[in-house]
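In the block that follows, a single chain appears as structure tokens, in the form predicted alone.
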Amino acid sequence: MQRPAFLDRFLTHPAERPALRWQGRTSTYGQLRALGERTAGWLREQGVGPGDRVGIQLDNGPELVAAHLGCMALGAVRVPLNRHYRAAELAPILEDADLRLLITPVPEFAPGVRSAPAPGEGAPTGNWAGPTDVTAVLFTSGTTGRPKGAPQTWRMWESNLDALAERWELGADDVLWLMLPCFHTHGLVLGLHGTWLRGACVQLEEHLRVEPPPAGITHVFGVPTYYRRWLPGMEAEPARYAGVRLWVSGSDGLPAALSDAIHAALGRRVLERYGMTETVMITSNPGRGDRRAGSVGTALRDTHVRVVDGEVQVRGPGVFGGYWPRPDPSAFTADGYFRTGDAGELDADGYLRIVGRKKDLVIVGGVNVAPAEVEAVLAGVTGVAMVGVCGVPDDDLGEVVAAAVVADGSLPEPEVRRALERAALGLSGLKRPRQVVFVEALPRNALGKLQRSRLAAEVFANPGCINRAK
């Protein structure tokens, strides 16, 4: 099979060109390619072959980079996993993914799946060509609470990342400061692979650094929570942030007031864009030109966006072909547009504004949380009759999870509350409710469906109700 064009470009970048900075050390493209080939040999020793799926549950760092490069060299399909997921959160993904190997420091979270330490030195191998164009399967939160597998192809990524580089005027001489976790589209695809496709350099961090950017950084990817934490430094010492040409925000809407405050401090407007796991990026404000606060910009090259009955729908080369291994025919319209589930408005100039979410997701610090997943955990607690989960505003994270509980009267309320807290420990941190209130009934419509918007407005917007629950 002909090697994907993405890999051809990665393999022809000058060997001496800087590719990765990590904790004061710089690796070149030649060294990354050699690392990929050695790790491919290690994977083969573990029984992995081309087309096999490999789970990668690692923090940002050299081990994660090696795991991805090894899979690329061998032609294995990567399944990036949230490093903070607990066993119950991983279980449905592992059931669907049918992994050949799971690379994780916490093998006890994966009963029945072969686990291994981070990749080490192996006999060099790897032809840098896979048997199919599918290079990864990213699992995304669904409204049912069960994650959905979204296969990613090299063609999706190459088309989309080239369009973004063009829109943002990025080139091989740029240096990205990347601290987003590399288990989802924002960090993995736009960050690592966007850099590798251009032959540019990425300074990778394990987690958020609330300090001025290091020398030489030209662009930064972040989520609104990052910008909230950077703002005091930007206002106090704007000169130390002035070297960054492009600040990009995504994964959640950047509040206009925050965007204006950064603009006042730095004289530059943060660039907002819009995308999803299923589509990579859909729209973006321009690198140069009219960046409109509150808007996520216009459609990328070769991408078609429309709003039908208030819902944003998209078609183009960056859109995936459908969920795997559990297809959802309702995800696409009859004429081939993907239904994003987001509510939006297009103005006369083609600028898109996201005005809400039709899907019941809570976005906590840029991370999607499915309320149904949290409800399923809490509903199993003894003493709980019903539970409803929604998002409530938070000054730092944008939103946090809140739970309204109807008790069945079999146990005292303090005992039920302690049991709920214990049950929530089975969820990763951002999914755990920050507020829990006890109510007599949950708001429902005439058909008995829980109304989350009313839950947020009638329960958690009522200070008296929250105070009684403390």
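The structure presented is a predicted model; accordingly, all values stated were derived computationally and were not measured. Counting begins at 1, following the sequence as shown.
Another form exists, predicted in complex with a small molecule; not displayed. Remarks below refer to it.
Pick from Thr195, Ser251, Ser259, Ser284: which has a non-hydrogen atom within 4.5 Å of the small molecule in the model of the complex? Spelling it out, the residue with a heavy atom inside the cut-off is Ser251.
Which pick from Ala97, Leu164, Val77, Val296 sits with a heavy atom within 4.5 Å of the small molecule in the model of the complex? Checking each option against the small molecule in the model of the complex, the one that comes within 4.5 Å is Val296.
Please determine whether Trp157 contacts the small molecule in the model of the complex, using a 4.5 Å cut-off between heavy atoms. Residue-level check for Trp157: no, no contact with the small molecule.
Report whether the minimum heavy atom distance between Ile363 and the small molecule in the model of the complex is within 4.5 Å. Ile363: yes, in contact with the small molecule in the model of the complex.
Look up in the model of the complex whether Arg273 has a non-hydrogen atom within 4.5 angstroms of the small molecule, and give yes or no. Result yes; Arg273 sits at the interface with the small molecule in the model of the complex.
Under a 4.5 Å heavy atom criterion, is Thr277 part of the interface with the small molecule in the model of the complex? Looking in the model of the complex, residue contacts with the small molecule include Thr277, since a heavy atom lies within 4.5 Å.
Heavy atoms, 4.5 Å, the small molecule in the model of the complex: which of 211-219, 243-251, 329-337, 370-378 makes the cut? Say which one. Selected stretch: 243-251.
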